[in-house]
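Heads up, the chain below is alone and in the form predicted on its own; it's given as structure tokens.
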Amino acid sequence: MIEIMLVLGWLGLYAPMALGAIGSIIGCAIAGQAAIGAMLDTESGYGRYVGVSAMPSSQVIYGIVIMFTLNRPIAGDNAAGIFAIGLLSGFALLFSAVYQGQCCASAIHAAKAKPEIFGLSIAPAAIVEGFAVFAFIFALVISAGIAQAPV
């Protein structure tokens, strides 16, 4: 039983980084495809499209920081906490990156048709980013309460 707990602890340690990276890949791919399509239809604004399509990449950075925050010797006392925080924050980062990519794709489509609303069109993507920041901060705060395993 203790071996299973240790495996879950190790899984939880790396989950925020891995799930955040998967979400960032999917989100950037969704927004990047919209950016490429917009570039084919317009004669300017290419830098905006590329910049907006990179917005979902921040979730992998949050995941890396959470992983380093959770990094400590894994033992039976702290494995469940590391697993829960790592897995749940990782899923929050994954979903926020995917949905942020969809918001970015919509913003790119809107800015392509009506360039004067570009700034306003990225507001939904910023709101989704806010939820990723909430998950990030929550994971950092709650991880401070996880016991350090004896070395």
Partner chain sequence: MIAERFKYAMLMASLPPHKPDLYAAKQTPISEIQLQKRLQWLEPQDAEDLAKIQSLLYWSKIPDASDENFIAHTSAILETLHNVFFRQVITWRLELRTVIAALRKRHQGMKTPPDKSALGVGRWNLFIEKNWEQADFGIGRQLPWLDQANTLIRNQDSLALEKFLLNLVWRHYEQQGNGHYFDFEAVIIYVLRWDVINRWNHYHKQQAVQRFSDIVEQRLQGVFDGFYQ
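Numbering follows the first chain given and starts at 1. The structure displayed is predicted, hence computed values, not measured ones.
We do not show the form predicted together with its partner chain, though everything after this point is about it.
- No member of the trio L13, M17 and M67 reaches its partner chain in the predicted bound form with any non-hydrogen atom inside 4.5 Å.
- Among residues of the shown chain, L87 is not one whose heavy atoms approach its partner chain to within 4.5 Å in the predicted bound form.
- S58 falls outside the set of residues with a heavy atom inside 4.5 Å of its partner chain in the predicted bound form.
- Within this chain, K112 lines the site of its partner chain in the predicted bound form, having a heavy atom no more than 4.5 Å away.
- Contact annotation: E116 falls outside 4.5 Å of its partner chain in the predicted bound form, judged by heavy atom distances.
- Of the candidate stretches 59 to 67, 26 to 34, 122 to 130, 79 to 87, only 26 to 34 contains residues with a heavy atom within 4.5 Å of its partner chain in the predicted bound form.
- Taking a 4.5 Å heavy atom cutoff to its partner chain in the predicted bound form, the contacting residues in 89 to 110 are V98, Q102, A105, S106, H109.
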